[in-house]
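First comes one chain, alone, set out as structure tokens in the form predicted alone.
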Amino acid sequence: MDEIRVYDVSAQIGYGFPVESLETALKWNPHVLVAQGTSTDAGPYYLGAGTSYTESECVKRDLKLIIKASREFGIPFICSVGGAGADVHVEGVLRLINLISKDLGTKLRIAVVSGEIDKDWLKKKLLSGSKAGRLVNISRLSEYLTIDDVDASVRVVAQMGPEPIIKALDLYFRGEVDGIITGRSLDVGVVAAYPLKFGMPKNLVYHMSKILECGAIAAEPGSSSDGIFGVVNKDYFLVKPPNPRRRCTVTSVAAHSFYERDNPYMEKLPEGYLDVTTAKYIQYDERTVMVSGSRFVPQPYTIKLEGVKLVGFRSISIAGSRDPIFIKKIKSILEDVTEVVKDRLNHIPQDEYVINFRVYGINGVMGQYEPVKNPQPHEVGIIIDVVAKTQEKANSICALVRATLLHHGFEERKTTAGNIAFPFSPSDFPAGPVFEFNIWHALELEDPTEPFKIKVIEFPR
């Protein structure tokens, strides 16, 4: 093929997209429809709890439109699904696809690529000498992944690269499946698989995939609820939005090239990294940008592992104050309240609970990294955040903190009826289990497809 045309339908399955954008993109004859539906943006809870952060009816709506277009135009679809992307999340989406196949009155055969990593397989890899170094230098992550880390995790997923998806595409071209659904996946991997299969240059494919990964965010005005179209050949690639209300500009495309990484010029990938230092961006026409010149640098193959462990249960209380004396003294007041509560709870080991305060209006967003020092807000919002070993303990301690803060005496105090006001009744909210990432490591891998199982499922089932 001289060129490969890819339409990325939306930044996230379940976020929605205009039907008109899809209809226009289909007139441009894409070879494949793609969309990502996995991420860690929503934090560790969803991987631990086995639930999705996207609403099922919205996911069903998006997938139904994608699958219907795929069937009508005879092209494959490649979608990662399920949010956190473990098998339990994917299975929830497969139930939706079952309903879609019934709604459309059509039979579907789908290659499902699991993104969940078998813990026994992973432990055998570690015992055989494979290394998995932490990706972020923080103390709660082991420098190198251990057996204990794996055992402590609720479940483990990995950001699969394009290779397992390319393997599933072989099934499509043999006429064995109609499309591909994956669990946890590298965002650019979903986009890159098809053009890489047909031999397009890795530097251009990965760079285009980076621009397309989040849909129309790379356009002006940007949107995560719309799509973007890419065309790649041996020398350059083009990106443009099908929505006439948007346009790609050199600024919007170059900006997304630098998106979400510590080094804006380097995109880390399983098989190496993309260097966009030498990339050239040209306004090809009013709504299209042409890109060339980036470099791909190969390195030993690794996959990013993500795992979470249960650390306790949370209860929160939300309150506010506009008392200027309270606000002026709030740092010392919160410290005093914490000490009072700890003294009253001296029968409970202090390592069994944590008390946090988030004060919006002072440092609620950035905490210790807040650059604005000593602000003088006229009101503040306070979130009391307690994590304990059990939900009952979290509830009890949160109630004690809330009551202590409400009635705590301090110098110059005039609001003796209560220091804080509550917008809700009840004032306290059990928030359920709390998870944290204990696996955030890169595992050495010789075969990029080894840990990712593929099965073909027929629908309706």
Partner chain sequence: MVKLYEVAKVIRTKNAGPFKLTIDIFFTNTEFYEKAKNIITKHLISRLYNVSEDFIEGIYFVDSVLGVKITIIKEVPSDDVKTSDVYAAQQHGPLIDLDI
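Numbering follows the first chain given and starts at 1. No experiment lies behind these values; they were computed from the predicted model shown.
There is another form of this protein, the form predicted together with the partner chain, and it is not shown here; the text below is about that form.
A heavy atom within 4.5 Å of the partner chain in the model of the complex is found for one listed residue only; from F198, Y284, Y259, F73, this is Y259. For the options R245, K280, R358, R109, the one in contact with the partner chain in the model of the complex, meaning a heavy atom within 4.5 Å, is R358.
Using a 4.5 angstroms threshold between heavy atoms, Q368 counts as touching the partner chain in the model of the complex. Contact annotation: V311 falls within 4.5 Å of the partner chain in the model of the complex, judged by heavy atom distances. Residue contact check for I384: none of its heavy atoms lie within 4.5 Å of the partner chain in the model of the complex. When contacts are judged by a 4.5 Å heavy atom cut-off, R140 counts as touching the partner chain in the model of the complex. For the candidate spot formed by N263, G364 and E436, every residue has a non-hydrogen atom within 4.5 angstroms of the partner chain in the model of the complex.
The partner is not drawn, yet in the model of the complex one stretch among 400 to 408, 423 to 431, 54 to 62, 38 to 46 has residues with heavy atoms inside 4.5 Å of the partner chain: 38 to 46.
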